[in-house]
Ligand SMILES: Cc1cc2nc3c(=O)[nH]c(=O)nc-3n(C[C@H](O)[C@H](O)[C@H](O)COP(=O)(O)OP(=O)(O)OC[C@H]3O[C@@H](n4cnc5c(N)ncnc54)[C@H](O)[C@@H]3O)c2cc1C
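What follows is a single chain, given as structure tokens, in the form predicted alone.
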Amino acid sequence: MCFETEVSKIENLKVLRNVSLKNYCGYGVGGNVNYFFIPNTITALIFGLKICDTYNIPFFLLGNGTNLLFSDKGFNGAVIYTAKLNDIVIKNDILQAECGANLNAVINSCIHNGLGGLEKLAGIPATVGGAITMNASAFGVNISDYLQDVTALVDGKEQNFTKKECNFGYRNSIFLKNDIAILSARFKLRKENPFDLDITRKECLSVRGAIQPKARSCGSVFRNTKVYSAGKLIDEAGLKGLTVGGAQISNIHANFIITKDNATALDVYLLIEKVKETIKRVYNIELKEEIQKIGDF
């Protein structure tokens, strides 16, 4: 029995061939992927991943695609799209969400139920799985601050990770460095007034809207440190507006790359390299990307 035959037999798993990744990336660039899985249940996701392991098929879990750069050459393997794995369950002060749940839907559920903690993350275009992987943060709050535990698939087996075991750091976690597939997560939140929570959410959204470009992008490109702001360095180096093909450093926020309809992944990649080279030459600082590169460049 071959790989395609086995995956076709998995219930609640839709399998597509040679799917363009452009529509699943914030930059709107990227080539095709051999296999595109759309699981309707966590069980289907698990079976799909196990068969990938059995046949040594590289895989990648895809949420909103807002922190990724897919190669123009595509991805030789399977992309598992988690959008339909979006259940959110609240019991007392504990919220459990599946990996594909939209972070803003989670925040809205929290506010509706008077649970505080995550409201300052409003506006981050991520799924729960992606936000945990990158330890998403905003306005002094990390998603890991309220995380209780994560259930993930490791070597074909479900495993529970405590917050400590996740090894969270700035834009970092154990899930970023290893082939570990996040299935779901639980958050322990605090009881607060829904009205006050909603005010905070709206204030954060307002600030985001004022300082971030509206054009197509994948959010912040480079990591900040306690010593410097990447956007400030890029701005002071006079790189706002710098263009390679259809990719451009935003004139609104220098740590954003925006793309036009004719952009390619190579344009974005080369622009990133130009910025890194300039900042190294001018300030002797090596910028490190937040975004993940998927495929060969």
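Since the model is a prediction, treat every value here as computed from it, not as a measurement. Don't overthink the numbering: it's just position in the shown sequence, from 1.
As for the form predicted in complex with the named molecule, it is not shown, yet the points below apply to it.
Contact annotation for Pro125: at least one heavy atom lies within 4.5 Å of the named molecule in the model of the complex. Proximity of Phe47 to the named molecule in the model of the complex falls outside the 4.5 Å heavy atom cutoff. Although the partner is absent here, Ile88 is not a contact residue: none of its heavy atoms lies within 4.5 angstroms of the named molecule in the model of the complex. Although the partner is absent here, Asn32 lies well away from the named molecule in the model of the complex, with no heavy atom inside 4.5 Å. With the partner left out here, the named molecule still marks one of 33-41, 235-243, 59-67, 261-269 in the model of the complex; by a 4.5 Å heavy atom cut-off that stretch is 59-67.
Looking at the named molecule in the model of the complex, residues Ser8, Ile51 and Gly156 place no heavy atom within 4.5 Å of it.
This chain appears without its partner; in the model of the complex, the one residue of His112, Lys202, Arg208, Arg223 with a heavy atom within 4.5 Å of the named molecule is Arg208. With the partner removed from view, the residue among Ala105, Ile94, Leu176, Ala83 that has a non-hydrogen atom within 4.5 Å of the named molecule in the model of the complex turns out to be Leu176. If you take 19-50 and check each residue for a heavy atom within 4.5 Å of the named molecule in the model of the complex, you get nothing at all.
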